[in-house]
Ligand code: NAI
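Presented below, as structure tokens, is a lone chain in the form predicted on its own.
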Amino acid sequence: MMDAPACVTDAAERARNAKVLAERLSDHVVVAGKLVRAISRASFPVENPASGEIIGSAPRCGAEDVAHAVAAASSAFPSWAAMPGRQRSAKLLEVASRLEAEAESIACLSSLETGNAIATQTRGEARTMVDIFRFFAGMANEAKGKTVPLTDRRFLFTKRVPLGVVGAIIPWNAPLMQTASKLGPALATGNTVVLKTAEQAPLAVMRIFEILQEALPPGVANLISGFGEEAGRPLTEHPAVRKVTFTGSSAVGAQIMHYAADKIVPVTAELGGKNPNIIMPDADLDLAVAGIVQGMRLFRQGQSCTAGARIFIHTAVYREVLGQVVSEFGKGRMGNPLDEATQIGSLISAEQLARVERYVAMARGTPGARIVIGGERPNDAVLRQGHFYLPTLIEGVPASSPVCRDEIFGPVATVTPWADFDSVIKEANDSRYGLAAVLWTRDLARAMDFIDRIEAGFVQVNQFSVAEAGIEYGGVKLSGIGRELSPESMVEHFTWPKTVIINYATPGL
């Protein structure tokens, strides 16, 4: 792994500008159309994980701030829901245009607080954010019901009705994309939103919400920050919140479903994954090697629920593929996330770094296991000031080990040789999770067999891409409930159907 780039002139300027923005946004929320101070005077620091420097702070919101934001969303809901879809579409298109104009500064601020590299992650994520808003702007007039012909002189139809106030809770690993994924379908269908940021990465999302106010009526999109029990739970339990949409860990997702259960409101939960990536002996090996690197989400430091953290390579090509993957790992440039030359940034926090180190230590202590590459922090003194960790491959870990079963959420993957397809499918499915799964092969029949048998909601063959607008996304088992990003999921999860029957045989009607 190469050391941090020597030239940081542009990176330094980006950092200065992002810090100015972070300082202005610190200790604020966005409620009723305005960037304002939170009711709670408590706050928590926001860190640059690449350096350990404190760059700002965010309000530690509690039940009073939640109630204030939900009241604003409730007040805005009737007029927003009644607005014709074409008008909502126009406003969301304006949102997309305004965000596009500010995409670079948003990406820089996100890199500063997440440690994700601007060149390989946050700039592209900002483009995805804009694409998602544009996509759902185009869907704003498509929340349509259906008609059902009856033969006894009655006319039956359904209409789709917005749910009301939506409570949204997002993670820190891809906050720009996640914000758009929650807001786009909710707002397009006439709902209003209160979103709680992740405490590790609140500032770029706060800037997004500030920009939203330039195009949306006051109270339509509101933002709070804080910790789960203090802010997330009151938001989920608030009686006026009629829908919850959450992305995060499976453990927290289960808690949120419990919180919402007493109200019997729908919950969409996009949760964790421990995803298999299977290489057949007939695969295009160049394509597969690139897919392993991309699938590990190394340019997000492995901090992705779709990361292909369980790699299964056929014995006939095992050493060849493994050697090429190790070579590719050595090419990734690790350094300042705001430097254009950087490809791999830092983990989000000291806690996440400690989690990664704990699992690697567990693997290192497992008889027969071997660290193929990585397994430690970089030696560079500057990088060791932040939460950097080298991309890591481990072989020889038994499938029953927590290293193979738990979502580590870092740049760590296990690699396993296999010879029998039925056995590797069985091992791939032997997981609490069922989010993503990938197969590399030239055999169409084998690919279709894999698709039929694999237990995952987001299945790919000969590619390992991420979620995008218009493609239905979600998992099974502990990977979640519900779907996101498609027109169908927008209608299903953000409206409710009202059935209407008109008896036109009635005399005088």
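One-based numbering along the sequence shown. None of these values were measured; they are calculated from a predicted model.
The following text describes the form predicted in complex with the ligand, which does not appear among the structures shown.
This chain is displayed without the ligand, yet in the predicted bound form the stretch 241-249 from 209-217, 384-392, 366-374, 241-249 comes within 4.5 Å of it by heavy atoms. With a 4.5 Å cutoff on heavy atoms, W80 does not count as touching the ligand in the predicted bound form; it lies far away.
Within 4.5 Å of any heavy atom of the ligand in the predicted bound form lies no heavy atom of Q324. The ligand in the predicted bound form comes within 4.5 Å of no heavy atom belonging to E427. In the predicted bound form, the ligand sits beyond 4.5 Å of every heavy atom of T268.
Shown without its partner, this chain lists G190, G232, P276, G295 as candidates; in the predicted bound form, only G232 has a non-hydrogen atom within 4.5 angstroms of the ligand. Site annotation in the predicted bound form: the residue of A198, I313, L347, A117 reaching within 4.5 Å of the ligand with a heavy atom is A198. Site residues I169, Y259 and F409 are all in contact with the ligand in the predicted bound form, judged by any heavy atom within 4.5 Å.
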